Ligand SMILES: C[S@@+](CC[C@H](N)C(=O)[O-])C[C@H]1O[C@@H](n2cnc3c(N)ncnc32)[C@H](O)[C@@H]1O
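Below you'll find only one chain, the form predicted alone, shown as C-alpha cells.
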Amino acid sequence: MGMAREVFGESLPVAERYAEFLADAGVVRGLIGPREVDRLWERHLINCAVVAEVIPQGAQVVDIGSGAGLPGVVLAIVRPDLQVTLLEPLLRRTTFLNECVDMLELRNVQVRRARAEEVTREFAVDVATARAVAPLERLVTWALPLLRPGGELLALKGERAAAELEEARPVLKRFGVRTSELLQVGRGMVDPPTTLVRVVAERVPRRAKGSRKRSS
C-alpha cells in the first residue's frame, strides 16, 4: 500500500473503494477472476495507473473494451483532469461500470455501450487506451478512427508486445500512422514495469481499405 499511496496520492481513498468493488461485485459478476483479488493492486490498479505518466494534461480519453474499468476507471481516479469515456458493448459490463462511476462519484467519466466501429463519427479524442482487448493488428483498426490527427493509442501489452507491433506493421502502414513504439512506464513502482505500445495517428481514415469489422 505504500506504493499505492505514492501513485494515487490524494485519490487513494477512491482507489481503495474501487478495489473493494472489484473484489466483491467484480468477482461475483465474472469481471475479475477470484485468484486476482490478492494481487489487485500490483497487477491491476497500479499497473494501470502508471499509464498516466504519458497522457497529456486535460486529455480526452476513450477506453476501448473497458470491461471492469481497467485502465479507464483507474486513469480517471488518478487523473481528475482527464475526460474519460468507457466504451464497452456488453450490457452486464456497462451496468457494472455505471454503478462504479456513480459510487465513486467520478464526474470526469461517462459510460457508453457500443462497439468501437459503431461510434467512429462521434469521437475525435486525444488518447485511446485498451488492455487485454485484442491483438494489436485488430485493435488499431478500432482505435485509430476514434483519434484526432496526432492522437495516440496506448495499448497495454505483455511479453508479446514487440511481436504484436511487428505483426501490425502492414495495418499501421495502411492507416498512415506517424510513429509506433514500445514504452515501459512505472519503473520503480510496479515490477515488471507496464509495457505499452504507443501508436500516434497521422491521417485517420474512418475505415482503412481492407480492415475487418470486428467487435470491440
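For every residue, the number given is its place in the sequence shown, counted from 1. Remember, it's a predicted structure, so these values are computed and weren't measured experimentally.
The form predicted together with the named molecule is left out here; the points below concern that form.
This form has no room for the named molecule: after superposition of the C-alphas round the site, using its pose in the predicted complex, 3 or more of its atoms sit within 2.4 Å of a backbone or C-beta atom.
Contact with the named molecule in the predicted complex, judged as any non-hydrogen atom within 4.5 angstroms, is confined among 58-66, 183-191, 161-169, 34-42 to 58-66. Residue contact with the named molecule in the predicted complex: residue 126 places no heavy atom within 4.5 Å of it.
Heavy atoms of residue 101 never reach within 4.5 Å of the named molecule in the predicted complex, leaving it off the interface. Residue contact with the named molecule in the predicted complex: residue 155 places no heavy atom within 4.5 Å of it. Taking the partner from elsewhere, residue 93 is found to have a heavy atom lying within 4.5 Å of the named molecule in the predicted complex. Proximity to the named molecule in the predicted complex, defined as a heavy atom within 4.5 Å, holds among 177, 147, 51, 70 only for 70.
No residue in the set 4, 8 and 20 has a non-hydrogen atom no more than 4.5 Å from the named molecule in the predicted complex.
Contacts between stretch 133-151 and the named molecule, counted in the predicted complex as any heavy atom lying within 4.5 Å, involve 133, 142, listed in sequence order.
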